[in-house]
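The chain that follows stands alone, in the form predicted alone, written as structure tokens.
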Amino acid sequence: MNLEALNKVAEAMVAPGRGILAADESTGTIKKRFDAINVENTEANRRDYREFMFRHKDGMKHISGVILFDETIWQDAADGTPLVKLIEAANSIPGIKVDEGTEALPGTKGDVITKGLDGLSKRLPKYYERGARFAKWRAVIDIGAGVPSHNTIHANAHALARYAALCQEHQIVPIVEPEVLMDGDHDIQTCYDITTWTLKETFQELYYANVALEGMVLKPNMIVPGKKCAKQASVDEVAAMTIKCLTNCVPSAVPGIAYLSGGQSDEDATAHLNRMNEIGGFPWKMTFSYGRALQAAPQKAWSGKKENVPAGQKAFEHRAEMNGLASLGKWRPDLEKKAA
């Protein structure tokens, strides 16, 4: 393992003013997105959609890295150029989602465990050869009646650590993503408590697995109440509790934190990130690793029509620019009024 090289990539992934585009939706997930805009879920449409973002230099200048799905990393653009080359040409880093989704964890009341460790050591060199310099693995922690259990938090933390160690062994920076879901009716304090538990367990397992913290990026949830909670939280409350949680759980050796949006609205995800960077005082860089919060607007503007590509690119550029500003603490709500 060349830790200096891993650290260089990790630092570039969280460079000031830039963040990560999560374009790693599975074929099934992107079908739901396409169904909403009446676009047929074909391989060509999936390629065309992602290609118009990767080719848009004004949008990509705010994007440090792109997480790709397995299908996408092997795809070529319409003119035969590998999509990974378009990302590199935009001065961005190609990455790859390597987990294989979730399945029920036996002995629990509905908890899940993430799959994909089997055969990962054979897949990683192929991804590296194709151009991937970082990877992503998502663990899913739900909050509800009887969940999460200690079993699921420990099992998912252990899997994250094994994945991260394998990545570093193959010279790939791991994004470690333990996501506490914002579904449900739990309050913000419950989210804080479960996230703290999850992060403590995750970093303990990373230590046991000899993962070099300088060569990874953390992708956590923000501390927010459940969507169905009667009492929602202010921007200041979310920012303060998220900073407090992560300051108590995340070692300073980690180069950066790239938050997931987790179902927040576009503006909420931007406002929360911005407020945290306005407050400051933490040891790591804080940026974004958004999927839907970067892509919902361009998907709607594009709607599968070639003549709408410029409108889709403009919408992508707007959301990328807003979040780039938020990663610097320089976003303002009035900037959202700019035409997307």
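Remember, it's a predicted structure, so these values are computed and weren't measured experimentally. Sequential numbering from 1, following the sequence displayed.
One more form of this protein should be noted, the form predicted in complex with 1,3-dihydroxyacetonephosphate, which is absent from this view; the next part is about it.
Undergrad: If we take heavy atoms and a 4.5 Å cut-off, which stretch out of 191 to 199, 101 to 109, 120 to 128, 135 to 143 is in contact with 1,3-dihydroxyacetonephosphate in the predicted bound form?
TA: Looking at the partner contacts, the answer comes out as 135 to 143.
Undergrad: Does the trio 177, 260 and 292 actually contact 1,3-dihydroxyacetonephosphate in the predicted bound form, every residue with a heavy atom within 4.5 Å?
TA: The answer is yes; 177, 260 and 292 each reach 1,3-dihydroxyacetonephosphate.
Undergrad: Given that 1,3-dihydroxyacetonephosphate is not shown alongside this chain, does residue 22 nevertheless sit within 4.5 Å of it in the predicted bound form, heavy atom to heavy atom?
TA: Result yes; residue 22 sits at the interface with 1,3-dihydroxyacetonephosphate in the predicted bound form.
Undergrad: Heavy atom to heavy atom, is residue 219 within 4.5 Å of 1,3-dihydroxyacetonephosphate in the predicted bound form?
TA: It does: once 1,3-dihydroxyacetonephosphate is placed as it appears in the predicted bound form, residue 219 has a heavy atom within 4.5 Å of it.
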